[in-house]
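Below you'll find only one chain, the form predicted alone, shown as structure tokens.
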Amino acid sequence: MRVVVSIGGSVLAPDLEPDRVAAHAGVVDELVADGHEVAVVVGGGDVARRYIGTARALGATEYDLDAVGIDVTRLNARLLLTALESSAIPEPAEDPETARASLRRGETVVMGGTVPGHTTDAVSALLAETVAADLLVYATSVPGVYSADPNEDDGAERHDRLTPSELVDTIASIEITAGSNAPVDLLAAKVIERSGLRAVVLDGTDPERVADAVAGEDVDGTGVVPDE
């Protein structure tokens, strides 16, 4: 199976703990050992947000703020690369085309952000589209996609299963609410919809949940399954 795993920066290294990074790397190595082709996209998390906050206070433009965030995602990607034991590209891939070429050579791919304006949510979906992934896993800090932001709405209910078009509608309704955050952004959801990707959004704070999802086991999360 060809798998793209998106790991949030706050899931991979919230406080830059090496044991947590090593645990995620161990799951990637495990998937590769089981015969899967694996590409990983790493986010920036709280570290990126702190850098962006300082840069904003110094007068950086929105473009420059995105560039700062991308730099942090690539630093996080380097941490994961360092911890991997399986054969992997030596540097974070800078675009989906480079990542696809690496997969064809049998290498495990790790990358961060690519260009300003694209979150790593979107990068993950675009990469999954580019390499025709069988499964896209979003390892986030929340256990799935809810009807509303659970941090803002106590009545938010988790969806166990959505079609790609339902995912787009759900994310759009969350993003228009001021102060709310969705586990996957709207651009990513639209890429998933146009390509008919199969995806799962889960709580990745326990890395083994990613392996369980790839193995087809039931996990606490939201499955995104294309219409028959």
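As the structure is a prediction and not an experimental result, all values here were calculated from the model. Just count from 1 along the sequence shown to find any residue number.
One more form of this protein should be noted, the form predicted in complex with a small molecule, which is absent from this view; the next part is about it.
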Interface residue in the predicted bound form among 90, 117, 155, 106, criterion: non-hydrogen atom within 4.5 angstroms of the small molecule = 117
request  = State yes or no: in the predicted bound form, is some non-hydrogen atom of residue 164 no more than 4.5 angstroms from a non-hydrogen atom of the small molecule?
outcome  = no
query = Quick one: does residue 49 come within 4.5 Å of the small molecule in the predicted bound form, counting heavy atoms only?
reply = yes
message = With the partner left out here, check for me: in the predicted bound form, does some heavy atom of residue 123 sit within 4.5 Å of the small molecule?
response = yes
ask   = Should residue 66 be counted as a contact of the small molecule in the predicted bound form, where contact means heavy atoms within 4.5 Å?
value = yes
Residue stretch of 146-154, 129-137, 106-114, 77-85 approaching the small molecule in the predicted bound form, non-hydrogen atom distance within 4.5 Å = 106-114
